[in-house]
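Only one chain is included here, represented as structure tokens and corresponding to the form predicted alone.
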């Protein structure tokens, strides 16, 4: 049974913000492991960096930048909702947050190719 509020664009903004936060939280241990490799085993880090040059990994990096940008701009939208006077343009702010995230990740992908 679909609830009517779950068809609202701001519900999707909420879900996207939560999913992006979860994905970034799952990525952090991997990132810290790679930083530790740089200090303890530079030869293993070199192998990882060669693997990171693969096109599919570059595409995944673009997805990661998209998640980061979505989370950042979605968080800014929530801050505006909390601290600024109420605005009936919340859908426009949510769409602007996703648009800015697509722009940022698209620019990253263009520079990575």
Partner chain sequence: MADNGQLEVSVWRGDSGSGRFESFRVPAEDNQTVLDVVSWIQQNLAGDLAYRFACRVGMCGSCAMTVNGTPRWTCRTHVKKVARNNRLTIAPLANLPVIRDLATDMDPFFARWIGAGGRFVPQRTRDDPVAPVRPDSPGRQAADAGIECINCGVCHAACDTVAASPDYLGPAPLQRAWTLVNDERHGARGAVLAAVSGAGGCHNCHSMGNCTAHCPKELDPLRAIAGLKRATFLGAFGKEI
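Residue numbers count along the first chain shown, from 1. Rigid core (definition): largest C-alpha set, two forms, superposition within 1.5 Å. Everything numeric here is computed off the predicted structure, so don't read it as measured data.
Another form, the form predicted in complex with its partner chain, is not on view; read the next lines as being about it.
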Item to check | Among 74-82, 29-37, 61-69, 44-52, the region lying within 4.5 Å of its partner chain in the predicted complex by heavy atom distance | outcome: 74-82
Checklist entry - Is residue 10 one of the residues lying within 4.5 Å of its partner chain in the predicted complex, judged by heavy atom distances? => result yes
Checklist outcome for this item: Of the residues spanning 11-43, the ones with some heavy atom within 4.5 Å of its partner chain in the predicted complex are 11, 14, 18
Checklist entry - Do you see a C-alpha shift of 2 Å or more at residue 18 between this form and the one not shown, with the core held fixed? => result no
